[in-house]
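First, one chain by itself in structure tokens, the form predicted alone.
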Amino acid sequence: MPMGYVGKRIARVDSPDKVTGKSIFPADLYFDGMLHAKVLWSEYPHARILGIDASAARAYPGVVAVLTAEDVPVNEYGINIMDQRVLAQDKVRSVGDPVALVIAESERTAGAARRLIVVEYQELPGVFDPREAMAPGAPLVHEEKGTNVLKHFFVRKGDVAAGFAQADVIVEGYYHTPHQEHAYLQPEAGVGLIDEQGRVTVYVAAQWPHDDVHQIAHALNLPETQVRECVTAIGGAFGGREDISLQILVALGAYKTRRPVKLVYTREESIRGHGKRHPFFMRHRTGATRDGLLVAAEIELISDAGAYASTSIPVLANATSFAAGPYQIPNVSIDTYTVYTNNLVTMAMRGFGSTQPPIGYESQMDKLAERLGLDPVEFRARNVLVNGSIAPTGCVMEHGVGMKEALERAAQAAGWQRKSSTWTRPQIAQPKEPNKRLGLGVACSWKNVGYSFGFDDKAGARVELYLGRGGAIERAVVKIGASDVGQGVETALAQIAAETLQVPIDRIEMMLSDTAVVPNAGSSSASRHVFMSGSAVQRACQEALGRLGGQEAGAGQSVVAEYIFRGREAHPTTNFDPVTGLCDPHISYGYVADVALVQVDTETGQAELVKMWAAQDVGRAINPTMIEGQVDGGVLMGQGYALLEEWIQERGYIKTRNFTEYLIPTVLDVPKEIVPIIVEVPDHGGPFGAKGVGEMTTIGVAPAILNAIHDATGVWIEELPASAERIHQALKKKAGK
């Protein structure tokens, strides 16, 4: 009889340990003989290092070592391009650059000694706006590259000039999204040590432990077999733990001292020491015909990479593919750039290039709908991608396209009705206070599942079946290097294994954490683990069952199977064509439709998210409860991005240094109601038809809120956050004051 674990509301397998406090986070770790480390950070956004005098720090009682660039065997790292230094060498390019590492018998001693290090700098002119950094003669962040432009992508589809000639209505807009801090609960912490086999071992919260091993081994000039990473419990990530932060520093400390070395960042150091969401500057020109069909889009995107490459190129590639939205547009011209500056490095953050573009393309959709006299849902319904549509990058959307279903489900839930084949919005009862106005805003958005543009995305899983009486599966051990960063992947993979093996879920044991034991499953990013790692687990289980069926099985015996699932098995992807930029970029997609009910105080400009209807096409809901939890968290993060969060650097110096200066939503900001709507349009490349959902829950929230603000007040907000001051200024301008 089928167990039916897929689609079931199973309690998360890690909940008991987290609720009871048994879960071990890296800051909780202690080892005998452990030393403590502190980082000396750069004083300037851009400067040459003329000398470092650490003699007083080294002589300070209790100090074991002070490490600088000359102590690093291979002083470079980077998740895509190795343009970062473990410890700054010759010059600093941002205030987030580590310059020295002090290692002492206590944390207090390390902190006191750090203050004794004297660094002589020659300050250099910097660049802090990517648009200015592109100009001829701008100061160069990396002189050897000869330019600050890290990457330029383009797409040319159809004939844009002819498309605009057909348009009855053309709208333009210029949009800006800011840096955003990941703001996870647990600041970075880690311990490096030499294990019993002589391996450099790092205990840390990480999203891609196997890639960390690759970068640590490179920096220490060691074989990867001599490096190991163990992932502890993780107090949030959102992309901020995909890159190296302190992993190499604690590994270097242990490698040099041969003792355990612990490093724990303060909140201020965390904000300084890891990258941020990319700011984008977005120019749009979009045309449509009188009957409500899109005919042309011309788009320019410029993103701020900060001082180092990190993931700026793949983030930009994703943004390029999503720039025009999930719509059928026959004529498209897109140019995108990511540019070095002397700001903090920017990197992966929930959405990875799909969060910023909807601020532009969804504002354009509402502007067009208003000019055409069409309901915003109706206008979108006429243009959204469906099975067989041609995407803006020129590829055929073959199957599993759930955009229209998500839009219809969200609209219906929010009160839209379809009359005479046309969508009609509900009437809103306005507040009695004359200065309060309610508005409804709609947004569609889409995001990739898995790594894209021809990248060989893969995930490996090992399944060990231990047999009892009569050959029945008594215990199944699933080994896979998939970090659970709070999204519940451990539970989802256990459900997939239980469903495939047809055994009770309490017989499934998950092992995720130790790179010396588990296969590489890739990063906890790109909303990929259910699709990629779930497929690996499913197929490893199927192979194990096949082997079990082919042998005489008895008590005490075991069966082992491994499987490496590659994304191209589900759908091969291609890179941008060098002439046209056209491509088939992504393995799979998730589709989102959000409707926001927002109240605006027209006297103060204060906007409040009252209610959100959030429809997510997840392909197949492995665990509906976990999806609903993702929706709740994603809406709150998107709400912060839309209304509240403004991470500020001025001329490269950080002004929002902690959570008293950088505001994030609290429980008091949660909307009165969040309505999660699970849409299931399966992608048969994923396990049981599942796609991904972790990042998609955030990407449409901010544009829906901005469109609701316009519906309530008549003003367009084209820069985030839509703060009370910004809305108030827009209202004054509209009133001619």
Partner chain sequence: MQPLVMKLNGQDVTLQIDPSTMLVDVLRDELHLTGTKVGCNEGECGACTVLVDGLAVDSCLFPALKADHREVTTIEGLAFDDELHPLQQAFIEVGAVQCGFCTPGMIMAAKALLDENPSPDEDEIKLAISGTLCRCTGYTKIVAAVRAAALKGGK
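Every value quoted in this text rests on a predicted model; they were computed, and no experiment measured them. Numbering follows the first chain given and starts at 1.
What comes next is about the form predicted together with its partner chain, which is not displayed.
Identify which of Gly240, Pro665, Pro98, Gly652 has a heavy atom within 4.5 Å of its partner chain in the predicted bound form; exactly one of them does. Selected residue: Pro665.
Quick one: of Gly605, Pro260, Pro187, Gly460, which gets a non-hydrogen atom within 4.5 angstroms of its partner chain in the predicted bound form? So the residue touching its partner chain in the predicted bound form, by this definition, is Pro187.
Which single stretch, out of 389-397, 469-477, 435-443, 654-662, brings residue heavy atoms within 4.5 Å of its partner chain in the predicted bound form? That would be stretch 654-662.
Applying a 4.5 Å heavy atom distance criterion, does His284 contact its partner chain in the predicted bound form? Although its partner chain is absent here, His284 would stay clear of it in the predicted bound form, with no heavy atoms inside 4.5 Å.
Could you confirm whether Asp632 comes within 4.5 Å of its partner chain in the predicted bound form, counting heavy atoms only? Result yes; Asp632 sits at the interface with its partner chain in the predicted bound form.
Exercise: Glu298 in contact with its partner chain in the predicted bound form, heavy atom 4.5 Å: Close contact is absent here: in the predicted bound form, Glu298 is far from its partner chain, nothing within 4.5 Å, heavy atoms only.
Given that the partner is absent here, does Asp14 sit within 4.5 Å of its partner chain in the predicted bound form, heavy atoms only? Yes, Asp14 is a contact residue.
Under the 4.5 Å heavy atom criterion, name the residues of 101-128 that approach its partner chain in the predicted bound form, in sequence order. The stretch 101-128, when checked against its partner chain in the predicted bound form, contributes only Arg108 at the 4.5 Å heavy-atom cut-off.
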